[in-house]
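Given next, in structure tokens, is a single chain: the form predicted on its own.
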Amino acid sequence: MNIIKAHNLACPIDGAQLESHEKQLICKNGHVFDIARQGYVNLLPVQHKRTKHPGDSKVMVLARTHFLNSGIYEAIANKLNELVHSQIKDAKEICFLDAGCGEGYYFDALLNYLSEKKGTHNLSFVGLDISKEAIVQASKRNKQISWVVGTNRKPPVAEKSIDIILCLFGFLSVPGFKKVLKPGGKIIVVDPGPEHLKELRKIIYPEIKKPDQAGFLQTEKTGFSLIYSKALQFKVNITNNEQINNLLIMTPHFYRASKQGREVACNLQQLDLTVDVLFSVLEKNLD
């Protein structure tokens, strides 16, 4: 398969297509966005921010980078790659959007996996995250991906220009995704299952709550159908205190945990963990 540069980025202010002019992206109405020296572009206007520095912090991003680079979650990436490949339609050009791409581990792995597959498809990749720190880190992974700072609520891409959206452990914006997906387009969702990291959660929380899967009920009512759902579960043994801390810091658990539970977890030298994730495919209904 052939990897091409995405050409469907849109102005976050008026929705007009963005054209590349040297080191800038410009729309027909004169809105200008600079391409950073790292190669990414910030398409998150001030009016779309709810805080001064939205999304994951630099500390969280670096912790996730070190943890994922260790290969502990490689089985998740492998399953995702196979699932995405199975959903590719017979079209000349296919555009992927990773909505909430973080530091780019899974999207980079997907591009490398698909680039080795036989076929005449032209594939383009847009990695989107509201965290500038995450996109800065992601831009170091793969220059073939268009890395963008932006929001899932209003993805800065042209309407009906995306074939497959990835949403891994992130915010499922049904209206925003529906707008940019082609008819029959897919959302591939990866969410934590009920047993995910249960051993860690038992340490840091006085009471364990099951993950909420209610979001899928909403999609059924707003133009999507659930066409695939399968869990992946496996065990890992972490024998490195630094990686245990990276795991804790890279998730919201660190900030929700009790002070006592956080201290206990941060001092662990080894931890046996259950990884439990649910893969789902949602298909946009034909208009």
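All residue numbers are counted from 1 along the displayed sequence. Note that the coordinates shown come from a computational prediction; the quantities given were computed from them, not determined experimentally.
Below: the form predicted together with a small molecule, not depicted.
- In summary, the region of this chain contacting the small molecule in the predicted complex, judged by heavy atoms within 4.5 Å and restricted to 234-242, 30-38, 62-70, 254-262, corresponds to 62-70.
- For the marked spot (185, 224 and 280), a heavy atom within 4.5 Å of the small molecule in the predicted complex is absent from each of the three residues.
- Although the partner is absent here, residue 131 lies within 4.5 Å of the small molecule in the predicted complex, judged by heavy atoms.
- Not displayed here, the small molecule is kept clear of residue 162 by more than 4.5 Å at the level of heavy atoms in the predicted complex.
- Contact between residue 81 and the small molecule in the predicted complex is not found at the 4.5 Å heavy atom cutoff.
- Within 4.5 Å of some heavy atom of the small molecule in the predicted complex lies at least one heavy atom of residue 171.
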